[in-house]
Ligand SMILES: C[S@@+](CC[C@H](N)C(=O)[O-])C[C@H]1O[C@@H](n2cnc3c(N)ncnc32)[C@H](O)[C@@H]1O
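To begin, one chain is listed below as structure tokens, in the form predicted on its own.
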């Protein structure tokens, strides 16, 4: 058996282990909402106390991480149906396993994150002719030249943007739209109420400090669209509802209440090309 891989990450980077555990744990259920063998393999390889994660995180949080992945898979799959040889850039990829679930055999995929994360990721995942890892910050632009544009470009950001200040998110989306005309974005957001709930129920409960707090909350999607007249809303995907019909009634009710308060949900945007 291969030796366990040690982890040396910042508090914010450690938050990426929570959804990884959530997806892997889902596979232990009789009727999983998401099957993710790659997540299971990663959890098995890492020298980390995932039992402590299970002990501190509420079932609703675990299911929300899984359903976020389901929502993003839906968007990526639809994008690749329309653009079979399109490009997907996974911003702040962490230990995400979306590629393994949605690969259509033609996509050009990039996983972007900071050096400590990519160093860890390289011990778990290998580059391939259609999949590359890039060391860099989503807030920078020097990595743009490494991205080969295919039939279209989709930027994925799961569990990332709400750790930045709103002006940083706005500037980042605008820069990407400038460089990659006609690109699309799919990312999760939280209402101000959702930011407060996540910081208390996930970050504080998980023993992480204030440096891991979510910062950016979206009071209304129109505020986000007002950043740039090129941005148009393709879809808003709420986690619970039809996707959660198999959940126990109490958990489903909690999820539907979370949807109504927009605790967290997924936004799919398109940047219109210049006329």
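Numbering follows the first chain given and starts at 1. Every value quoted in this text rests on a predicted model; they were computed, and no experiment measured them.
The same protein also exists as the form predicted together with the named molecule; that form is not shown, yet it is the one meant from here on.
Inset, instruction - Would you check whether the named molecule, in the predicted complex, lies within 4.5 angstroms of a non-hydrogen atom from each of 19, 112 and 158? - result: Yes, each of 19, 112 and 158 comes within 4.5 Å of the named molecule in the predicted complex.
Legend entry - residue 136, heavy atom within 4.5 angstroms of the named molecule in the predicted complex: Output for residue 136 is yes: heavy atoms within 4.5 Å of the named molecule.
Inset, instruction - Consider residue 251 of the chain shown here, and say whether it contacts the named molecule in the predicted complex, taking contact as heavy atoms within 4.5 Å. - result: The answer is no: residue 251 has no heavy atom within 4.5 Å of the named molecule.
Legend entry - Any non-hydrogen atom of residue 13 within 4.5 angstroms of the named molecule in the predicted complex: Contact check for residue 13: yes, within 4.5 Å of the named molecule in the predicted complex.
Inset, instruction - May I ask you to check whether residue 180 falls inside a 4.5 Å heavy atom distance of the named molecule in the predicted complex? - result: No, no contact at 4.5 Å.
Inset, instruction - Could you tell me which of 94-102, 192-200, 125-133, 79-87 sits within 4.5 Å of the named molecule in the predicted complex, going by non-hydrogen atoms? - result: Within 4.5 Å of the partner lies stretch 94-102.
Inset, instruction - Could you tell me which one of 186, 153, 117, 107 places a heavy atom within 4.5 Å of the named molecule in the predicted complex? - result: If I apply the 4.5 Å criterion carefully, the residue I get is 117.
Legend entry - Those residues of 23-62 which, in the predicted complex, come within 4.5 Å of the named molecule by heavy atom: Read in sequence order, the lone residue that approaches the named molecule (within 4.5 Å, in the predicted complex) is 23.
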